[in-house]
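Starting off, we have a lone chain in the form predicted on its own, written out as structure tokens.
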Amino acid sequence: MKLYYSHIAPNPTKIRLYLAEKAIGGAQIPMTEVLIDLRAGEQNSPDHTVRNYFQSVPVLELDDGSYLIESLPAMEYLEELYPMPSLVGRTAIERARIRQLERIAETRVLNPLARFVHSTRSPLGLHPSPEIAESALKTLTKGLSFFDQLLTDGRQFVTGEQPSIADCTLAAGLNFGRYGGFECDPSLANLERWDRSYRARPHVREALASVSIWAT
């Protein structure tokens, strides 16, 4: 399999964090990573357009030559092939709760942070838009507050004692926001604790290391 990704975009980062979590847990997922340079416009090339009609990343190329072009289905596909360690839960209620938190992390944190960054300091050179930035912050503020309250009990990971796809999505969103100059409100102490702790783990630090390279 091949993963087409970019260094900074949050959705490819989500999958790369997922792969790092699976690997540290003992799963051996054969994967070749192929860098797509968004600033050079490689996502608009004819070859990549064949992979993804929408000319975006990530793209997961399967062994049969077909493609998955959305991050969550790609992670769930890999979870079906390599179920251990589980990052989506083992029981029906665990899976429902983890998917719910992953969706909240996506829609209430990652997506609005992406809109905020691209409307203020876009790495792709998009024009600033104060209106979009303000709207994104309204959604983002509630999302960050939700996770801060969730983490009040001191849990290590978003869903408890083990990492999950919810951690991958939340971390990818905050990482993209950090690159774009966004800093969480310091009053969100529980979220800040989780963020520091999650990023300090060596395999996560390695997965995120390319961001600083990309930014130079």
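Model, not experiment: these values are computed from the prediction. Heads up: residue numbers just count along the shown sequence, starting at 1.
Heads up, the form predicted in complex with a small molecule isn't pictured, but that's what we're talking about next.
Student: Answer with yes or no whether Glu33 is in contact with the small molecule in the predicted complex, where contact means some heavy atom within 4.5 Å.
Tutor: Glu33: no, not in contact with the small molecule in the predicted complex.
Student: With heavy atoms only and a cut-off of 4.5 Å, decide whether Ala9 touches the small molecule in the predicted complex.
Tutor: Ala9: yes, in contact with the small molecule in the predicted complex.
Student: Under a 4.5 Å heavy atom criterion, is Gly177 part of the interface with the small molecule in the predicted complex?
Tutor: Gly177: no contact with the small molecule in the predicted complex.
Student: With the partner left out here, check for me: in the predicted complex, does some heavy atom of Ala189 sit within 4.5 Å of the small molecule?
Tutor: Contact with the small molecule, no.
Student: Specify the contacting stretch among 152-160, 62-70, 24-32, 180-188, defined as having any heavy atom within 4.5 Å of the small molecule in the predicted complex.
Tutor: Heavy-atom contact with the partner occurs in 62-70.
Student: Suppose contact means a heavy atom within 4.5 Å; in the predicted complex, does that hold for all of Gln43, Gln55 and Leu124 with the small molecule?
Tutor: Looking in the predicted complex, the three residues Gln43, Gln55 and Leu124 all sit within 4.5 Å of the small molecule (heavy atoms).
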